[in-house]
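This document starts with one chain, in the form predicted on its own, laid out as structure tokens.
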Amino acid sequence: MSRALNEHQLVILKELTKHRGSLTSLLRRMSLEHGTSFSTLKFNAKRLKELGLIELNNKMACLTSAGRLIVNILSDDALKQPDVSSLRSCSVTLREELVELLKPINGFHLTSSLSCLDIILALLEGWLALGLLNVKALILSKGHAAPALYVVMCRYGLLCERELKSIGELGSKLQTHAEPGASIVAVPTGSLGQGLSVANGIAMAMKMRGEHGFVYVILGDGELDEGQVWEAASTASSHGLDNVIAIIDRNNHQLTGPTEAVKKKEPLRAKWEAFGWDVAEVDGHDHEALLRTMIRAELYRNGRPKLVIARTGGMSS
């Protein structure tokens, strides 16, 4: 239920954990403190009451048991509850498998795949194993890192070992760039710079159909040289696509050298924020931090698309 709440509603719920008084006095104080109109807050409080998250007793507002549950889910302590410690050893194993898998095809984009493996691992763990993420579509815009996606998919039973070993073979559904047919692969990717545009289209269609859920798109930092990425960034913001969550694999390298030497990307966060995105930065190899950041991105539906800059170190993009 928390994923359907907007930012105003979430703030009201949190404020009610420490407020003792009438709902009107709370909303008037919040209006002054947050610069939000009283009528907007009143509308959102009414919606919370309809959802059964708050109740009024003689005009005194308090949280229902469901409301308290939502607030607990939102707390930092609750977001740390999922135990993803097993992913550390899993990541080591998958990296070893990836090296062996790509030996027959001359280590095709090995470092690029290693770079984003932990991002994909945290995402699929939160989505498929823990059910904490509401993923409707996953787009690997840096499609040349498909081998990383394949080994993680195999871990979650989406591919069998025999299929995995057929990567790159003639007739195999696992080509060296991601394409439909491989289970959760939504669209073909390979020509860089197009993934975010496709994500926008899917997200816009979902909104038109009244569908809930999120479109995740993983981009390489070298890919940001493509002008289409920035057109898509502007489009997502202009249309209020808060069901788009983009993750940049910020490894600081691209095919022809360090990203800052080829074409400067920094200040990366400030650029995306200037395009109207909410931006978070995280260690791209910290599974717990990655998952917690994705959960937060889904929870805060405020009309703005979300970006996670996952800093993954010095591996090739």
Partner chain sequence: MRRVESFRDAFARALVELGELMEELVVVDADVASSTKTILFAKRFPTRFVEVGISEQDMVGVAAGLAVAGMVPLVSTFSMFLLRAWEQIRNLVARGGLNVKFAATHAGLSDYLDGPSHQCLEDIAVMRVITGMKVVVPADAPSTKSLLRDSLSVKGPVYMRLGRDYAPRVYDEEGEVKLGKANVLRDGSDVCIAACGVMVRFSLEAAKELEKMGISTMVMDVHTIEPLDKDAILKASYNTKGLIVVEEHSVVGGLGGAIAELLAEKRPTRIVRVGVKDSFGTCSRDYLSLLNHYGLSVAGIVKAAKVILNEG
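Quick caveat: nothing in here was measured; it's all calculated off a predicted structure. Residue numbers count along the first chain shown, from 1.
There is also a form predicted in complex with its partner chain; it is not shown, and the following applies to it.
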Q.
Can you work out which of Met153, Leu87, Ala186, Leu133 has a heavy atom no more than 4.5 Å from its partner chain in the predicted bound form?
A. Ala186
Q) Looking at Leu224, Leu101, Val198, Leu123, which has any heavy atom no more than 4.5 Å from its partner chain in the predicted bound form? A) Val198
(Q) Please tell me whether the candidate spot formed by Ala205, Gln228 and His239 is one where all three residues come within 4.5 Å of its partner chain in the predicted bound form (heavy atoms). (A) yes
**Q.** Any non-hydrogen atom of Ser191 within 4.5 angstroms of its partner chain in the predicted bound form
**A.** yes
Q | 4.5 Å heavy atom contact, Cys116 and its partner chain in the predicted bound form | A | no
Q. Quick one: is Glu163 in contact with its partner chain in the predicted bound form, heavy atoms, 4.5 Å cut-off?
A. no
Q. Does its partner chain get within 4.5 angstroms of any non-hydrogen atom of Glu179 in the predicted bound form?
A. yes
Q: Tell me the stretch among 155-163, 89-97, 229-237, 242-250 that has any heavy atom within 4.5 angstroms of its partner chain in the predicted bound form.
A: 229-237
